[in-house]
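Given as structure tokens, the chain that follows is alone and in the form predicted on its own.
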């Protein structure tokens, strides 16, 4: 199985944002993205794109603006697309699938088995990505945080015991709040909290240079790395990363 390089866009109120430990910095709208960082070229160097609506309260207006942006984006990019944010019912997932999503990402409702079962039965487990934001709690455990990282929920290890949910979904994205945006490397130690499962595991939070991908991809349990680091990897950054990984015999697709 090929290792995947995935880029994530963080969207809120018609603009894209950088995140550092979940503190947001606005960087620009869709035109800014296209004009300043050759985003269309970047998309030729990645396996998939994840777009997340990170508005804390995803209203109908927010969803409509998000979808409008997605449909504009889809005119120039042609890679698998995962959409997430504000999925509370099957109709929310339906909206995303009808507007170009190959997969949807469930965040705050990651353990809502009723919701997940409905979507899984309609669209298939492979269409669902569970997105877990986590950081250490006061006991030193890796705890999942929901509602844009503001509310603690279960621990990572507790979630991975929920076999009924795991059978209903495809991949799991595990995003470190503490490593988010700092560019010093991904938290590979979190894998110690995961029991052996069949679901593909993607790590996010901390990728800042090609070597960070190399280190993580050498672990057989990691299927992909997700980065939202706009300034480090837009332009030719991810293309160079792929070239370096290929030279090091990491099993990534060679687009050349």
Partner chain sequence: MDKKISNKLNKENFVGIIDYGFGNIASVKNALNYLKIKNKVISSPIKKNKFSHLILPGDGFFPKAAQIIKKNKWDIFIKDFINGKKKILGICVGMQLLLSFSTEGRGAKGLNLVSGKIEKFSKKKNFSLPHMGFNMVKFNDNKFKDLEGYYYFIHSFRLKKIKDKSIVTGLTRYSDDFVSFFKKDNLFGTQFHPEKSGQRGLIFLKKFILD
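These numbers were taken from a predicted model, which means no experiment stands behind them. Residue numbers count along the first chain shown, from 1.
The protein also exists as the form predicted in complex with its partner chain; that form is not presented, and the subsequent description refers to it.
Exercise. Check each of 122, 178, 158, 112 and return the one that places a heavy atom within 4.5 angstroms of its partner chain in the predicted complex.
Key: Result of the distance check: 122.
Quiz item: What stretch, of 150 to 158, 94 to 102, 180 to 188, 132 to 140, brings heavy atoms to within 4.5 Å of its partner chain in the predicted complex?
Solution: Of the options given, it is 94 to 102.
Quiz item: Within a 4.5 Å heavy atom cut-off, is residue 55 in contact with its partner chain in the predicted complex?
Solution: Contact check for residue 55: no, nothing within 4.5 Å of its partner chain in the predicted complex.
Quiz item: Taking heavy atoms and a 4.5 Å cut-off, does residue 65 contact its partner chain in the predicted complex?
Solution: No, residue 65 is distant from the partner.
Practice problem: Verify the contact flag for residue 42: yes if a non-hydrogen atom of it lies within 4.5 Å of a non-hydrogen atom of its partner chain in the predicted complex, no if not. | Solution: No, no contact at 4.5 Å.
Quiz item: Would residue 200 count as a contact of its partner chain in the predicted complex, using a 4.5 angstroms cut-off between non-hydrogen atoms?
Solution: Residue 200: contacts its partner chain in the predicted complex.
Quiz item: Going by heavy atoms, what in 1 to 32 lies within 4.5 angstroms of its partner chain in the predicted complex?
Solution: Residues within 4.5 Å: 1, 2, 4.
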